[in-house]
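Starting off, we have a lone chain in the form predicted alone, written out as structure tokens.
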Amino acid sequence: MTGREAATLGVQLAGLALAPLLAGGVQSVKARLQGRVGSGPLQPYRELRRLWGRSAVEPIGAGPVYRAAPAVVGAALALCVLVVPVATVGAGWPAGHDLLVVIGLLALARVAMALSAWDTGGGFGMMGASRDLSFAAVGEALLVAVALVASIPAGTTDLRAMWAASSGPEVWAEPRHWCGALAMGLVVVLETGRQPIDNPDTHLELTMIHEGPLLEYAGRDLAVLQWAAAARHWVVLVLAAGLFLPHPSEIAGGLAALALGVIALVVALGVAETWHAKMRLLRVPPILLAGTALALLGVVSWAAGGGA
């Protein structure tokens, strides 16, 4: 392993620990914009420590799917963090660095949570899981369309090559890049479960989406699931910053640009949550479809320009 690969591997491993900081940062920015002091960006760590010290509680009638879901979700998101590189080079993981692998792992975690809700049979958990899968039916098409747009310059879905191909100012002159960046913004809001699509702060069961399937969990199982939710923030924000925000191709400058880009996206999520209220559920799929159409429009603009 070269020195550059070791450096990027260290940042990837640090992502496993830093992921809750991103979710806490969004909450802290939102609190400040709303005139509140807030609990600070470290609150997710305090919550995880509190939950880890408590024992798990298993509902009556729960089966093996319910018990296996936290491990499956946690492992899928941990692998996602390690698959997504933070620069144009990365450690040679057996799973590789392919964007389609990331999409598959995110889908696996979502399906595992839905199956756990159906295993327990709780009404609110099943309601949240069904809504999540309904959005995913359109959202995963959106994510695949974004992957198609982002892979055009590199000619591959290997994230290291995509990182390198999206560096430099030239890509900003292409309509394809702007279409992909706007569509990726919808992916970020959807996958992180933020407003206006979902409200991570709500405690009203009738409006829950991502929080619904978590109602039956407690203790260490809930801590793993909450960490996995924070890890989704890391994965999608790093993808958005690395593929669609300005960054140089060299390692040191690329890591600095990635850090600044992720911070900018955290602030943007806090502003969006303050600016927009949660929208009605039936309005979400049309917006996601519009994002998919926008991404495909980027592909059409690239093809119309001669595919150069």
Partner chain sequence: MRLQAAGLAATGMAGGICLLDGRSVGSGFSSELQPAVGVDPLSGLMLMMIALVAAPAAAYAAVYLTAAANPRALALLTGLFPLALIGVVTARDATLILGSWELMTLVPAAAVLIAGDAHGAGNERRAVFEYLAITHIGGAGVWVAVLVLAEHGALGDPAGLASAGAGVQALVAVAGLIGFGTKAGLVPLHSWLPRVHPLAPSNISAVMSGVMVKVALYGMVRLLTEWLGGPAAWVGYAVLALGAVSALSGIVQALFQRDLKRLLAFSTIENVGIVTLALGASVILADRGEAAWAALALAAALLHALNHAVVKALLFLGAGSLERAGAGRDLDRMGGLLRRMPWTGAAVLTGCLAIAGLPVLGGFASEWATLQALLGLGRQDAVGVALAGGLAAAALALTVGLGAVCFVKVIGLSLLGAPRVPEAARAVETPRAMWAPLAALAAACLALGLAPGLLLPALADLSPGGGGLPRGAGIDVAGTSLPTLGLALFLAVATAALLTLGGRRAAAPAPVWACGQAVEPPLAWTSAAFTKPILLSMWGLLRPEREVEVLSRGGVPDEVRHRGAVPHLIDSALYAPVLRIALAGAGAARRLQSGSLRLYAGYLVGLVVLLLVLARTGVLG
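Note that this is a predicted model, so its numbers are computed, not measured. Numbering follows the first chain given and starts at 1.
Note that the form predicted in complex with the partner chain isn't included here; everything after this is about it.
- The candidate spot formed by Gly61, Leu100 and Leu215 lies fully in contact with the partner chain in the model of the complex, as each residue has a heavy atom within 4.5 Å of it.
- Out of the listed residues Arg54, Arg36, His276, Arg46, Arg54 is the one that sits within 4.5 Å of the partner chain in the model of the complex by at least one heavy atom.
- Although the partner is absent here, Pro200 sits far enough away that none of its heavy atoms falls within 4.5 Å of the partner chain in the model of the complex.
- Interface residue remark: Gly122 is counted as part of the site for the partner chain in the model of the complex, having a heavy atom within 4.5 Å.
- When the partner chain is considered in the model of the complex, Gly74 lines it closely, a heavy atom lying within 4.5 Å.
- With a 4.5 Å cutoff on heavy atoms, Ala6 does not count as touching the partner chain in the model of the complex; it lies far away.
- Heavy atoms within 4.5 Å of the partner chain in the model of the complex belong, among the stretches 263-271, 62-70, 240-248, 37-45, to residues of 62-70.
- If you take 139-161 and check each residue for a heavy atom within 4.5 Å of the partner chain in the model of the complex, you get Glu140, Ala141, Val144, Leu148, Ser151, Ile152, Gly155, Thr156, Thr157, Asp158, in sequence order.
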